[in-house]
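For reference, the chain that follows is the form predicted alone, supplied as structure tokens.
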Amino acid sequence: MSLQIKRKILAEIKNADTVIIARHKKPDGDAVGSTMGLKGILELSFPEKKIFIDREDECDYTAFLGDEGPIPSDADYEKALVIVLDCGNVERVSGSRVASGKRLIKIDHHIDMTPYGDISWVEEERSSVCEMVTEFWHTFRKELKIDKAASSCLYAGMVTDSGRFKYPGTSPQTLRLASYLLEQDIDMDLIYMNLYIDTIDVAKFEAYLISKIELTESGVAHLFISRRLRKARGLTLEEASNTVGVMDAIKGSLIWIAFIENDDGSVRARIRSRFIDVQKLAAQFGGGGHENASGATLKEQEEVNILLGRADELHAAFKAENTELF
């Protein structure tokens, strides 16, 4: 079935003079890597076409991947093929004009809660959309071209969304596709340096945060990072958000959550887990993601308390039903 869908997508691309690629708001490595990787593939393969990435926001820690190019105009949208990557629902697309194109394609690996698009290629078991874009290129490699730059973008997205190939979605096919990108002579040292090496300020902040980790009654680990604290430390929202990783190795904590206060007073919840599906928990607060990595934006402090309470209930229930793990 996926081969038929991929063929339809390729046919749509060939028939379009303009292709506009979009992704979700507050993009992560997979969202940026897949959009930039696909853009690179299409520019190399179809130099006569106009290829854009539309977005309302960008990601600081993936800036090393290069310039994303100009924003498309309203005129560009008139007869464009629009391809939305890594976004489960239209409301989260970073680009309010995506529905104004001539045709719309969805390529995603999130749970398909709200289907959309004239063509939809969704595989929930995939580690990343970058994996899917890589497969798309490799399936039609006699017609599609790739280079070091596009491969680097796709590899960076695969690495981040798979947790360096350790999350449950990592499959033998994931590693095979990653190997095809490595054949393009990408610089892994450069990619890992930019993704995972922190400044001394971030390192000190993480050391400080470790002393502030709290546990719910059942063992959910959590942190709250206020905007005052973040600004006092001179950290960006992305740098503060990435500190969720300081809680990922606490024995007995199968769910860990970082709450980061935004400049407007809302709170970004980054929810991570082992064994437990937290996507449905995030969805209760208008968020989404994956079984073991999800997020949501909370409007007020009371929602923080409610989410934490529900996470504790979910955590306690799982522990009660799986005593052999403890």
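So that there is no doubt, residue numbering starts at 1 and follows the sequence shown. Computed from a prediction, not measured in an experiment: that's the story for all the values here.
Omitted from view is the form predicted in complex with a small molecule, to which the following refers.
Practice task
From the candidate stretches 62-70, 36-44, 296-304, 49-57, select the single one in contact with the small molecule in the predicted complex, where contact means a heavy atom within 4.5 Å.
Solution key: Partner-contacting stretch among the options: 296-304.
Problem - Contact test in the predicted complex: residue 29 vs the small molecule, heavy atoms, 4.5 Å - result: Taking the distances in the predicted complex, the answer for residue 29 is no, it never comes within 4.5 Å of the small molecule.
Exercise for the section: Using a 4.5 Å heavy atom cut-off, state whether residue 102 contacts the small molecule in the predicted complex. Expected result: Contact check for residue 102: no, nothing within 4.5 Å of the small molecule in the predicted complex.
Practice task
Flag residue 110 as yes or no: does it have a non-hydrogen atom within 4.5 angstroms of any non-hydrogen atom of the small molecule in the predicted complex?
Solution key: It does: once the small molecule is placed as it appears in the predicted complex, residue 110 has a heavy atom within 4.5 Å of it.
Practice task
Verify the contact flag for residue 280: yes if a non-hydrogen atom of it lies within 4.5 Å of a non-hydrogen atom of the small molecule in the predicted complex, no if not.
Solution key: No.
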